[in-house]
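In the form predicted on its own, a lone chain appears below as C-alpha cells.
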Amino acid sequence: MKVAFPYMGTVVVYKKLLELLGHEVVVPPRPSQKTIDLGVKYSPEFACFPFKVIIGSYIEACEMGVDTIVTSGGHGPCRAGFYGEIHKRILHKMGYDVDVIIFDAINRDKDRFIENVKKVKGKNSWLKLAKAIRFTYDLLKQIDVFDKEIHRIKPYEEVPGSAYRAWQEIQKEFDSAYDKKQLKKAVDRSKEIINSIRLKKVDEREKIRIGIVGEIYVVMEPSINMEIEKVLGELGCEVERSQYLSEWVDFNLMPSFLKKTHEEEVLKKGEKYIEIIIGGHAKQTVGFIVDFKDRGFDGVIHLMPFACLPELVSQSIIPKISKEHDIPVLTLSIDEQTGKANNLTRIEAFIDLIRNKKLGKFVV
C-alpha cells in the first residue's frame, strides 16, 4: 500500500509503524495555508476546523499518489465520530480512488476492527505485527519524554532557538531507529543533545508554568494553534500539554486490566464539573485545569475549535473552575478566520497578568 495518515504532532511515530510493516509511506505536507484553503473549499460549512485541515491534508496526500489513508474514529456526541466516513465520501466524490481505514475502539465493532488490522498487517505475520507495534510504542514513550523536556527548558535557553533546533535533531534520531539497539542509540544521543543546550539560571520564584488543555487536534498540532508552545516558551513560560500521543494510547488502547493512567485521575478531578463523557475531550479539559492547579502551574490556556460542541460545554464551566481553584484560564477559539496577531496580544497580556500576580504587583 502507498499509505498516508492525518498530520498531527510528532508524525515520526505513525510513519515508523507503517514502515515497519513494509508499506510505502507518504507523510503529508505540514498543514499550511494551502492545506486550510483546500479544506475549507471542500468541507461542509458547519464542519469544525480540525475536519477542514485534515481533509485538506488528505487531498494533498492524494495528489502525492497515496491509495490508502489510515486514521482513527471517535465516539460520543462529538461529530468527530462521523468524520472519517465523511472524509472518505468527499475524497471519492472528488475522484480519488483511495481507501480510508478508520480505527474505532475495538469494543464498538470487534469484527470491523480486526478486518482493519488485517488490511494494515497485509502479508506480514501476526508476530511481526506485534513486534512492530511494541517497537513503535517504546519509541513513542521515549520521544514524548523529550517533547516534554524541550518545552520545559525552552524559556531558559541562552541561545534563542537552540531548544527547537535540538528538537528537530532529536526527531531525526528517532526517525533513523528501526530496532531496539538503534532506539537505545537514539535515546542516548537525544540526552546528549538536550544536555548540550546552554541554559540560564532562573530563580524558582520567577518561573512561570502554563498548561495547555482542549480538543486534541488543536492542542497537539502546532501548525494550526499558532505554535503556542513556542510562543509561550519565548515569553519565558514552561509549557505542558494535556495531550501526548503516548498517554492517549495508554488510556484508549491499553486493556483495562493494564490501565492505570494519569488520565483516569484527571477524569475524577473533572467529575464535579462534567459527570459523564460528553464527547471529544471536554471532561479531560476541566479535569486537567484542576490537575494543573494541583501540580503548581500558574495558568492554563484552553484551545478549542470554533463552535466545537464538547469544548463549548467546557468553556461555559471554566469561569467557575477558575474562581474555585484560583487559577487564571484563557480560552482561545481557533478556526480558518483566526486573527493570529489578536490572539498573540491576548496571550502576551495573559502572561503579563500572571507574572505580575506572581510578583505580588497585581491582585486578580
Partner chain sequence: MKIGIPKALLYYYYGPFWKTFFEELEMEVVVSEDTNKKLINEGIKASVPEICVPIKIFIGHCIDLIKKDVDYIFVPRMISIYKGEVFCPKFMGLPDMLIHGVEGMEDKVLTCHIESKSDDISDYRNYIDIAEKLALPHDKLKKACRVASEKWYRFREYNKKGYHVLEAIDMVNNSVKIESTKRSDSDVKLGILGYVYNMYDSFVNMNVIDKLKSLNVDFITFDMIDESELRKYIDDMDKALFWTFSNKLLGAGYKFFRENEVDGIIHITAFGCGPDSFLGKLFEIESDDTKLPFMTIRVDEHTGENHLQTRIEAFVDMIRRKKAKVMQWGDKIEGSISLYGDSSCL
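Residue numbers count along the first chain shown, from 1. Computed from a predicted structure; not experimentally measured.
A second form of this protein, the form predicted together with the partner chain, is not displayed here; the remarks below concern that form.
Go through 88, 241, 151, 293 and name the one with a heavy atom inside 4.5 Å of the partner chain in the predicted complex. Contact residue from the list: 88.
With the partner chain left out of view, which of 234, 138, 104, 169 would have a heavy atom within 4.5 Å of it in the predicted complex? Selected residue: 104.
Is the partner chain close enough to 30, 64 and 252 in the predicted complex that each of the three has a heavy atom within 4.5 Å of it? No, none of the three is in contact.
Heavy atoms within 4.5 Å of the partner chain in the predicted complex: which stretch among 311-319, 295-303, 56-64, 31-39? Answer to the contact question: 311-319.
Does any part of residue 276 reach within 4.5 Å of the partner chain in the predicted complex? Heavy atoms only, please. Within the cut-off, so yes.
Contact between residue 330 and the partner chain in the predicted complex at 4.5 Å, heavy atoms? Close contact is absent here: in the predicted complex, residue 330 is far from the partner chain, nothing within 4.5 Å, heavy atoms only.
Heavy atom of residue 112 within 4.5 Å of the partner chain in the predicted complex: Yes, residue 112 lies within 4.5 Å of the partner chain in the predicted complex.
Can you tell me whether residue 222 touches the partner chain? I mean in the predicted complex, with a 4.5 angstroms heavy atom cut-off. Looking in the predicted complex, residue contacts with the partner chain do not include residue 222, since no heavy atom lies within 4.5 Å.
Is any part of 40-69 within 4.5 angstroms of the partner chain in the predicted complex by a non-hydrogen atom, and which residues would that be? Contacting residues: 42, 44, 45, 46, 47, 51.
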